[in-house]
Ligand code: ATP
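Only one chain is shown below, in structure tokens, and it's the form predicted on its own.
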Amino acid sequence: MNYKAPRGTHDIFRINASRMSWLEQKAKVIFNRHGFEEVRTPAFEDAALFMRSIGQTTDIVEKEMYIFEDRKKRKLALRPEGTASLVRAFIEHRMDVSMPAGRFFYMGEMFRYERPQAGRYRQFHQIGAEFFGSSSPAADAEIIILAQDLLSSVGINKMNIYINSLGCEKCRPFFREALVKYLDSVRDLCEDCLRRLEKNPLRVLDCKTDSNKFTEVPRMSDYLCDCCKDNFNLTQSLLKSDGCNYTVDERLVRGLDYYTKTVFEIRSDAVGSQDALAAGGRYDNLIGELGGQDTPAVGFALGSERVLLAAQKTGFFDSFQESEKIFIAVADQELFSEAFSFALKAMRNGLKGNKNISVFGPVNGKSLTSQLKFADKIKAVKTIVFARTEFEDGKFLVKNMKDKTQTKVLISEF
């Protein structure tokens, strides 16, 4: 029987694995400069954690979560996103008490049952950052700029940043009332919209089916309280001071219920119509709602596969090189120990003038012809051959595996 990876999953290897690791290392460097520390959470959690934090009427909870029961009939879920898990860890380890101001980042696999498409999978990778303990609009601006800088660092310079304010628990009910009144007048809403209209009317604005019907939808900006209005204005002022170009999109609500005040998306047309690469916002009530001390928070996440796809389409990886494969061969098996020692030194330290190498060999008990064939199979760029005559002169043969030319080189030069 031939087994294949389940639909919506993919194997990451060779150049793609190198690029994924490179992106994660790039993110770690940038996060560390901003004072963020890494947190790793379990791949599955109590399903109720996501249902309560993300929201019962979101697409993630209604359609996309992988939920299962363990042997003790406990309902668990593969994590569909990273924020809820990190907030749970923050509360469980009492960091909300011991260090209520904290900066954290995460990276790892997430799981959602959705239709696979370019750069979007059912098992995918996310990189995200969360800033706990600051209610200042400066934190909002920093998170948006952090996401922008991370995308720019991988060559994605043509991006559109959209921001909006969802208000707070004081002013949002007035907008909700006006929105419900308006939506009641819109005819032929889809089933999802009708259901959301009863439970969470703001989610109706996120509908892809009926969005063209909302021509005169009320604007949240008309209902913001003075505090929310001042916060949103200061966030915009700080973004402008950094030269960050953005657009206010009053229909932007994001797909998760925990957001309050500032939300944002960063989009690029490099990956087609489903163009969101990074997104996030403020969620000041979530930590308190999940049982912790009331702690303001703001964060973002990006999809690694989509970001790498966008970077590739911009041509950023055209000069991205895998490490050169170097094969160590022995023409005389009596030199195997010397070749083995040389290979280990090269693996540990690289070769003189070239640290970006992968070293293979030597292979014991094989003819030189067989060794060279193996070097071709692994696509080695060069083969270093230990031969008795040359070795006694302090040299070895270096064979170019592309044009099959070879030269004698002093061992000391390597």
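All figures in this text were calculated on a predicted structure; none of them were measured in a lab. We number the residues from 1 along the sequence you see.
Only in words, not in the display: the form predicted together with the ligand, which the text now covers.
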- [ ] With heavy atoms only and a cut-off of 4.5 Å, decide whether L277 touches the ligand in the model of the complex.
- [x] yes
Task: 4.5 Å heavy atom contact, R112 and the ligand in the model of the complex - done: yes
- [ ] Using a 4.5 Å heavy atom cut-off, state whether A343 contacts the ligand in the model of the complex.
- [x] no
TODO: Report whether the minimum heavy atom distance between R71 and the ligand in the model of the complex is within 4.5 Å.
DONE: no
Open item on the list: Please identify the residue among L146, A139, M220, L256 with any heavy atom within 4.5 Å of the ligand in the model of the complex.
Closed with: L256
Task: Listed residue that, although the ligand is not shown, lies within 4.5 Å of it in the model of the complex (heavy atoms), from L202, A301, C168, L238 - done: A301
- [ ] Specify the contacting stretch among 113 to 121, 157 to 165, 87 to 95, 283 to 291, defined as having any heavy atom within 4.5 Å of the ligand in the model of the complex.
- [x] 113 to 121
Task: Heavy atom contacts to the ligand in the model of the complex at 4.5 Å, residues of 181 to 213 in sequence order - done: K208
